[in-house]
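Heads up, the chain shows up twice below as structure tokens, two forms, tagged structure 1 and structure 2.
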Structure 1
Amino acid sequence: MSDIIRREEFGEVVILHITTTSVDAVSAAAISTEYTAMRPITVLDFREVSFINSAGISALLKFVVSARKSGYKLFAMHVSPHHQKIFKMVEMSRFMPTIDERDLAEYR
């Protein structure tokens, strides 16, 4: 387990809690290593994230597209309004829609 990602698993769901305030090339690389241990439903938790740079967006896009091509359902939660706008601009929200934490209750 990396110090950038904290995993929480239940059933077919895994939540990847991003524990750093910045998603850049380094932290995005840590996120992408989680690809090998994904579950059918994977949620990226952006609660702690206050900054995402272009390298982070690029790496996240690659992760999201690869996951979706492999048949995983990917969601994001606790995304700031600013980052929601960016995700829409780069069409990431099309492949990784936001989900509310209470909506995960049905999987627990």
Structure 2
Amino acid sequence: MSDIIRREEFGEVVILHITTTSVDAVSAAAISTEYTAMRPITVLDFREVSFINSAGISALLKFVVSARKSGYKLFAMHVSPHHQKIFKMVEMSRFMPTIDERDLAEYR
């Protein structure tokens, strides 16, 4: 695992904290390979992320595809209002709904 993702695991849940600020063509390759770290409930944490473009979205879709294949649940956390708008535009939010840190607590 590269250091582009910091992993936090408990029970069936894994939180994948994205540590790069820019989910773009430069970081896409490293991010997209990380889908192997998924668990039945996988949360991508965007707290550090200040930019996402379509090259980044393509990388994130690897997680969506993998979740669908395995029957895993995929969520996004700490998504900025701008990125919520973009995720809605491309209907990414249908496949990776946002989850509150609070709601995640019940899995701990």
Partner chain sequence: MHRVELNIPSQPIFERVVRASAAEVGAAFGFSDERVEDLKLAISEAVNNAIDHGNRGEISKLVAVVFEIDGDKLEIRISDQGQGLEQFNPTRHVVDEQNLEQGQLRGFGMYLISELVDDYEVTSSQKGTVLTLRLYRRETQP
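This one's a predicted model, so the numbers in the text were calculated from it and none came from an experiment. Definition used throughout: the rigid core is the maximal C-alpha set that superposes within 1.5 Å between two forms. Residue positions are counted from 1 along structure 1's sequence.
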### Form selected (criterion: the form predicted on its own)
1
### Task
For residue 25, decide whether the Cα shift between structures 1 and 2 is 2 Å or greater, given a superposition on the rigid core.
yes
